[in-house]
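A lone chain, given as structure tokens: the form predicted alone.
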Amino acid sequence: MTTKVITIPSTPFAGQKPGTSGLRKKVSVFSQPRYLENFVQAIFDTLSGQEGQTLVLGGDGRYYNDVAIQTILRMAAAAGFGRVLVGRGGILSTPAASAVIRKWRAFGGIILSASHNPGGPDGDFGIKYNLGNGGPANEGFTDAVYLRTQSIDAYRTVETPDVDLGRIDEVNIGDMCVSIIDPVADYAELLESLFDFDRIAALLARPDFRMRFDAMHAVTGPYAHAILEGRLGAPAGTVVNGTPLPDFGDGHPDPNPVYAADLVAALADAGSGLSFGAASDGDGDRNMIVGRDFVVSPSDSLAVLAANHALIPAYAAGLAGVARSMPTSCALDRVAEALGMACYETPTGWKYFGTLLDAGKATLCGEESAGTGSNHVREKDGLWAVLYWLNILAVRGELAEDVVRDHWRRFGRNVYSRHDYEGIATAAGDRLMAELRDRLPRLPGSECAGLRIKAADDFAYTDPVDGSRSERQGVRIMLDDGSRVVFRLSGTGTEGATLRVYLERYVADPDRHEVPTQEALAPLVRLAETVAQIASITGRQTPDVIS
């Protein structure tokens, strides 16, 4: 039965420009009348050919997720979609949404998440559109959406009761079918096709191997329960904080040593009996790997996955290539060179990997911000990375920390850290980057904090597949000894700006591999402060988060 489409007048809101991960604002901003509706209508107005097509819809369960889904369902019906696949309870992790889009050849998808940002009524909310390949929309599309938000004068919806999302079912909104699906099934089936589940299950059954997975009260909980404790038979209690909560249990769902400190402490406690730890973030696309009193850096994790690909059923035949974001350490480059593989350096943002994956130029890719993935979906994938690690440990019969130390002996260690200055005034962040860029021509050949600068630039990227150009992607300072310092302003927060400073030093000598990270990087920290004048411009003497 056709439902009447209602056109409701509206006026534009300032600032609805999507970043690399969609539009993120405070819940209080999104819950304003017409704010969400305007942005969704701008997406639908930018699309072409969606009539009768399938849309995938879901999110990470954060506060306002349930309200937004009902709004989007009504607007999707008004936009002419023929079917919407929505996760039961409104739940779909970001990698699971990508998997569903790809499996069912959907037209695209809307994912509701602010990733690792805090949730709750006073927290953050986010929305992004994914294309039919399962990956985030490209800059051309997001720029067009933003342009539309600046001139929008109405949105279209239908009047209908809320859809009960609590059970798997099919209901109609006018001519559009809403299919409420198991949010885990398609994704779990895909992962089982990639890894040796029998071998992983045998590892998890060993009395001398115990793991803990911290879902951080975020979206990965149901997936980890179903896969780790269900299909793989890990003991009950392996997954902790496994129930998604709108406020993430009043926590910060970012898998790093600061916000997952309990997990790190448990693995450092010899009396815990734990051998391996892992965590994932708000929407399930990031991960942290922890050994016994040993946190694996995301950059090292990516390099280890690439170096051990022959142990994994889906990748044993070889990798087409690998890719990393520019701020990610060069540890991956050393693996690629040794194994004779192409290695691509892209700007930050998973969408930049999409063309490489679609063109078959890369198989594995990752970012230093705890995101790794492969060509199985078009998003980074936290639980995929955990299973990859378990498969490696099951085949090698070693612990995670031993695998990493062996990797360092073979390839050398890229000592690496990220220092985040969160919530600084936007004007101060912009000034810092502008002045730093102005000084770039004078830096090569100079000395700072006792270190000689070899080169300095503002990273730009030309996509090798579609030829698109991305400028001003981060300031790089390269030293004579191969060390690097990178400066970026992050677009993933909702208040002020986050200055990210990435520090990297290559150490070939195995006798120096165990020097504590921050001690090894201390000269680079002094250089970063001096060159960028961080304290004088931002007023911050120390970073808020060191990872």
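Values in this document were obtained by computation on a predicted structure and should not be read as measured data. Quick note: we count residues from 1 along the sequence shown, nothing fancier.
There is another form of the same protein, the form predicted in complex with a small molecule; it is not shown, and what comes next is about it.
**Student:** Quick one: of Thr363, Asn391, Thr157, Thr348, which gets a non-hydrogen atom within 4.5 angstroms of the small molecule in the predicted bound form?
**Tutor:** Contact residue from the list: Thr348.
**Student:** Just to confirm, with a 4.5 Å cut-off on non-hydrogen atoms, which of Ser98, Ser115, Ser329, Thr372 contacts the small molecule in the predicted bound form?
**Tutor:** In short, Ser115.
**Student:** Which is the contacting stretch out of 75 to 83, 103 to 111, 284 to 292, 167 to 175, given heavy atoms within 4.5 Å of the small molecule in the predicted bound form?
**Tutor:** Single hit among the candidates: 284 to 292.
**Student:** Residue-level contact is defined here as any heavy atom of the residue lying within 4.5 Å of the small molecule in the predicted bound form; does Arg500 satisfy this criterion?
**Tutor:** So Arg500 counts as contacting the small molecule.
**Student:** Is Thr20 close enough to touch the small molecule in the predicted bound form, meaning at least one heavy atom pair within 4.5 Å?
**Tutor:** So Thr20 counts as contacting the small molecule.
**Student:** Contact with the small molecule in the predicted bound form for His252, defined as at least one heavy atom pair within 4.5 Å: yes or no?
**Tutor:** Residue-level check for His252: no, no contact with the small molecule.
**Student:** Hey, in the predicted bound form, does Thr46 get a heavy atom within 4.5 angstroms of the small molecule?
**Tutor:** Outside the cut-off, so no.
**Student:** Using heavy atoms and a 4.5 Å cut-off, decide whether Glu367, Arg418 and Arg488 all contact the small molecule in the predicted bound form.
**Tutor:** Every residue of the spot touches the small molecule in the predicted bound form.
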